[in-house]
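The data below hold one chain only, encoded as structure tokens and taken in the form predicted alone.
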């Protein structure tokens, strides 16, 4: 009887869990290693666009996601300083007709929980918490990885190893010439506000985007409208773990009253310095490959970081299934297929960052251009992202 091929994955975040499920369904035995003793997804909300949702739907998770997500009817762009509406991009039914699936927003922890529950139910997946892949070595027989658990080391010999351990990946440095994590000098301030604590008039059925020279604010509902996820991105020196939001108020305290009233309703802010990883660096080394933020962490300005990790997982699983007897060739094909698209998305996120944070004069020109184009045309500029399918 032919031996079942085995894959080890470092990191049980959204990308790692998705990859584990897809590989298990493709006939692989999967060992999934997570350094934390419990699954705790960092961050708050995530915007789940059709390109990612198609992968999750293929795993039979669409109904569970819909039950815990929100489906905004529109994305409304406003000037942070004046509060004036710049453009309205239709989501809801119009979006679904155009791109095949709804535009949903969900708490990251809820999405991770859905994926984790599905992974635990898979007989072919073994989830190891409090366990870290500390390194690997390639040799003529294949690959050997070192797993640290409770201060003890042991060796494993999977057919392939996947590093899905995030922007701060320890495994990335083991690839010769790999790109380094690069600070962006921007900080994302995040908070969750219960719907019952919101000022009157704050809609719970839209994505709100407020633009200004010092930064921007985005907010959207999660958990079926029970909570509003709010993210304010400003230019700032990275200081991990900071929770004092005075710097945020100094940057945007002169903005329009409605958005300031919304921000004032928050009681707990957390700062997340934004870092990127250039996707032009190598992602693979023989039977080892990086996935998601570990390979190509990007700015959050088009809400595609999580989606790219989910897409990666789909292509990686398809390539390994097609060449299961030659994992190194399969992973090289995965990198070759994914790099052009990821680079384009990565560059789009970078240029959008500059677009959002223009000064007063250039910002006025931007606003006029957005009004002229209209919301539908602006949304269709990202159609090439949303129409992607797992088959390529």
Ligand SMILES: Cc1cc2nc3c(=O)[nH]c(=O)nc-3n(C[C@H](O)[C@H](O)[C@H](O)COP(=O)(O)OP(=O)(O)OC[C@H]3O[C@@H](n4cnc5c(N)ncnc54)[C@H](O)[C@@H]3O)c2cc1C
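Quick caveat, the model's predicted, so the values are computed rather than measured. Residue numbers count along the first chain shown, from 1.
Separately, the form predicted together with this ligand exists; it is not shown, and the next lines address it.
Subject >> residue 133: touches this ligand in the predicted bound form, heavy atom cutoff 4.5 angstroms >> reply: Residue 133: yes, in contact with this ligand in the predicted bound form.
Subject >> in the predicted bound form, residue 309 touching this ligand (heavy atom, 4.5 Å) >> reply: Yes - in the predicted bound form, heavy atoms of residue 309 and this ligand come within 4.5 Å of each other.
Original post:
Quick one: does residue 272 come within 4.5 Å of this ligand in the predicted bound form, counting heavy atoms only?
Top reply: Although this ligand is absent here, residue 272 would touch it in the predicted bound form, with heavy atoms inside 4.5 Å.
Original post:
Does this ligand get within 4.5 angstroms of any non-hydrogen atom of residue 36 in the predicted bound form?
Top reply: Yes.
Original post:
this ligand isn't shown here, but in the predicted bound form which of 107, 186, 78, 190 has a heavy atom within 4.5 Å of it?
Top reply: Spelling it out, the residue with a heavy atom inside the cut-off is 190.
**OP:** Could you tell me which stretch in 248-256, 276-284, 191-199, 291-299 has residues with non-hydrogen atoms within 4.5 Å of this ligand in the predicted bound form?
**Re:** Only one stretch passes the 4.5 Å heavy-atom test: 291-299.
**OP:** Give a yes or no on whether every one of 56, 208 and 210 sits within 4.5 angstroms of this ligand in the predicted bound form by heavy atom.
**Re:** None of them does, since no heavy atom lies within 4.5 Å of the partner.
Original post:
Can you tell me which residues in 11-25 come within 4.5 angstroms of this ligand in the predicted bound form, by heavy atoms?
Top reply: Going through 11-25 in order - heavy atoms within 4.5 Å of this ligand in the predicted bound form - the hits are 11, 12, 13, 14, 15, 16.
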